[in-house]
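So this first bit is one chain, no partners, the form predicted alone, shown in structure tokens.
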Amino acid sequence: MRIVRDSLAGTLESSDALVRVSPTDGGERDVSINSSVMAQFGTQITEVVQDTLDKMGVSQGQIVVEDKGALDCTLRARVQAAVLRACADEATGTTDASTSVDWSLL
């Protein structure tokens, strides 16, 4: 998936996460995670974010996660929503990237 525009998903409320996705000039993926529970669950949070991005085929872009103690399922859903809002479908050239996602992998 190619990130073509800025997007947001989530909130900064307790037990939620705000995910920001932006395109980058370089061809790399830059993930930044800030969490109120980073000391306790940082490894798990990082694994959930990276795994979700890998399964969606995101190889470039800037992803910033502001976690406020979200459960894994909430974090995964916020990352998916932000990425889908920011991407274009390279295969069809449309702005609807949801058609190129293999939903069974998520």
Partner chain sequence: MLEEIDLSTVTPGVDHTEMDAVAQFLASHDLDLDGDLDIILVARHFGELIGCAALAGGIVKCVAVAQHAQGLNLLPHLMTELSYIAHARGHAHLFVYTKPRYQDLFTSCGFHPIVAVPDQVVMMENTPRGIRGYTEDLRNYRRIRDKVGAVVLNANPFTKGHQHLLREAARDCDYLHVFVVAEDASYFPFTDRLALVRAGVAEMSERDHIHVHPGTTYVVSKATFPSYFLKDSGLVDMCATAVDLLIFREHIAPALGVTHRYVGTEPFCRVTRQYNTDMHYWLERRDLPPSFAAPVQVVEIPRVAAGDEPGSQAISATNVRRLLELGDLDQLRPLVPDPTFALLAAKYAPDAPPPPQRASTRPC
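In this text the structure is predicted, and so the values were computed from the model without any measurement. Numbering follows the first chain given and starts at 1.
Same protein, other form: the form predicted together with its partner chain, not shown, and the subject of what follows.
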Within 4.5 Å, heavy atoms only: does residue 59 come near its partner chain in the predicted complex? no
Should residue 4 be counted as a contact of its partner chain in the predicted complex, where contact means heavy atoms within 4.5 Å? no
Is residue 50 near its partner chain? Define near as a heavy atom within 4.5 Å, in the predicted complex. no
Going by a heavy atom distance of 4.5 Å, is residue 37 a contact of its partner chain in the predicted complex? no
From first to last in sequence, which residues of 44-81 have any non-hydrogen atom within 4.5 angstroms of its partner chain in the predicted complex? 62, 64, 66, 68
